[in-house]
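Take a look at this one chain, the form predicted alone, written out in structure tokens.
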Amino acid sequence: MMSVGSLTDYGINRDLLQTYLSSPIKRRAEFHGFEGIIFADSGGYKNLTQGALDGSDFELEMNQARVFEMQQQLGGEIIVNLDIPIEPDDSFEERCRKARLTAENVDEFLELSKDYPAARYLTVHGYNYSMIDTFMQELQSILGDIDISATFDGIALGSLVPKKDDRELLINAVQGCRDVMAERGFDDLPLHVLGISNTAIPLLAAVGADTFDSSSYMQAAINGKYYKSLLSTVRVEDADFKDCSCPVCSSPELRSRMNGNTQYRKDQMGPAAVHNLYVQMTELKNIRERIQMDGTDGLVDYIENTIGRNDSTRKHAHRVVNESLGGYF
């Protein structure tokens, strides 16, 4: 998972931007042997808040054509249209206006990408069934009565970054999106949730999210936190690296860096971020295995013994089990 909007996160200059875009990600030496899928997000949220890609010596106004060009240059294998995310304090009229602007981008996106060999995901926005249904109405007022299931390969639910720690809202949004997809006849498509927090992952998997992206492992490291589990962190300086067998904690050099034996903080927190990602990926593997079991008992057991034991997430765990996984009895 990467985003066109993240290319200028570190104030790069124009020459370095061109270097980044000069070769698809998988053709780069650093990614030799990488067999994953490149999901190239459009950077819509950053475009909404900043209006452009802002480097150290350039400013690049973003539009649908430019975003698609960059997605191709990066070798995106799943791509999404440039969307106009909503914000929590938007009025009804403003949400509808943004939906129509997004629809105009979708129309252009479909034409631009018709011969490009990638899976295309449609972005939708809203915090509940009513908002997402209204978004779809506005979308189809521009696009016409197109067959979503035949036109797109998946749905990407956005605008959740400002609410990424609101478990109740996230559950409502995913359930609402799934309901809209079912009523409109494209519930066979996978649902990707854009930009959620760590502890929401098991809850949203249980209510219908197929994939998601999260930078919480990196944000935690930036704030000096080291994962013991999806729900538990300690300060990096307080961590006992002997308790973890991941490739980072098994490396004397990287343990030394996390202990602060390096000149730059980024070289201390970089290994911590990779450790955090390893913990997250291990938990995701466990969740996938539980989902693939017959029935829902495996996932119920996982939720009960993780987020169900945490004070801040217990009520959400019980709601998900009772509403989506058949209940306890």
Partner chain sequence: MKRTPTVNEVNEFLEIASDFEDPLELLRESLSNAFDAGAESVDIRIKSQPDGSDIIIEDDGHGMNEEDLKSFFDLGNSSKTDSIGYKGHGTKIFYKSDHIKVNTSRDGITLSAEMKNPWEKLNNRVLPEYDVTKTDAPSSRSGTLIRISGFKSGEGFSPESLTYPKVHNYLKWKTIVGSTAHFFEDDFHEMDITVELDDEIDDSREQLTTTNKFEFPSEQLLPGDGEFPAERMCKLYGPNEITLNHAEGTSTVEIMGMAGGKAARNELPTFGRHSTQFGVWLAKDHIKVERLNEAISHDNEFIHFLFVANCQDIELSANRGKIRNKSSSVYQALEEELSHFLSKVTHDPWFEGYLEARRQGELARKASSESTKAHDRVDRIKSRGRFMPSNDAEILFGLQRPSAQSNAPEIFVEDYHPTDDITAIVRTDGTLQAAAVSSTLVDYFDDEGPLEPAELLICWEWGDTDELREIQRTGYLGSDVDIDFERSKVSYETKDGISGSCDVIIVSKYIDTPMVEEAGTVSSTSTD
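Worth saying up front: this structure is predicted, and the values here are computed from it rather than measured. Numbering follows the first chain given and starts at 1.
Omitted here: the form predicted together with its partner chain. The next part is about that form.
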**Message:** Give me the residue from 128, 223, 259, 73 that has a heavy atom within 4.5 Å of its partner chain in the model of the complex.
**Reply:** 128
**Item:** Contact assignment for its partner chain in the model of the complex, among 94, 210, 179, 108, heavy atom within 4.5 Å
**Value:** 179
**Message:** I'd like to check something about residue 14: if you look in the model of the complex, is any of its heavy atoms closer than or equal to 4.5 Å to a heavy atom of its partner chain?
**Reply:** no
**Message:** Residue-level question: is residue 322 within 4.5 Å of its partner chain in the model of the complex, judged on heavy atoms?
**Reply:** yes
**Prompt:** Does residue 134 make contact with its partner chain in the model of the complex, using a 4.5 Å heavy atom cut-off?
**Reply:** yes
**Asked** Can you check whether residue 289 is within 4.5 Å of its partner chain in the model of the complex, heavy atom basis?
**Response** no
**Request:** Look at the candidate spot formed by 308, 315 and 318 and say whether its partner chain comes within 4.5 Å of a heavy atom in all three of them in the model of the complex.
**Result:** yes
**Asked** Of these, 277-285, 300-308, 36-44, 58-66, which stretch puts a heavy atom within 4.5 angstroms of its partner chain in the model of the complex?
**Response** 300-308
